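What follows is one chain in structure tokens, specifically the form predicted alone.
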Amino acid sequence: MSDAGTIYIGEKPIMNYVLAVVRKINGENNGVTIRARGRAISKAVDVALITKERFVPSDIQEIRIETEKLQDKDGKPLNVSSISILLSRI
């Protein structure tokens, strides 16, 4: 899925992301990818489940977990866990 159908999870409250997912999935997109890294992973799971159970009849099509290799401020290699959840309308 392209970036147009992707919601990146960060520091905002959970309901901000839930409403963004609902808007995208009710709009022209039949599916939305929810992406998060590190400590935001649990928030991404919460966003997917709240959207699915309370707002939009949807199905979790795919969950992909990865380790991304980044660099810290000093240029040292850093491994960061990430998750992508593909949520599609039923």
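Numbers follow the displayed sequence, beginning with 1. Predicted model only: the values in this text are computed from it and were never measured.
Here the subject shifts to the form predicted in complex with another copy of the chain, a form of this protein not shown in this document.
- Another copy of the chain is not drawn, but in the predicted bound form it has no heavy atom within 4.5 Å of residue 59.
- Remark: residue 42 counts among the residues lining another copy of the chain in the predicted bound form, judged by a heavy atom distance of 4.5 Å or less.
- Contact annotation: residue 7 falls outside 4.5 Å of another copy of the chain in the predicted bound form, judged by heavy atom distances.
- Among residues of the shown chain, residue 16 is not one whose heavy atoms approach another copy of the chain to within 4.5 Å in the predicted bound form.
- Within 4.5 angstroms of another copy of the chain in the predicted bound form, the stretch 43-60 places a non-hydrogen atom from each of 45, 46, 48, 49, 53, 60, taken in sequence order.
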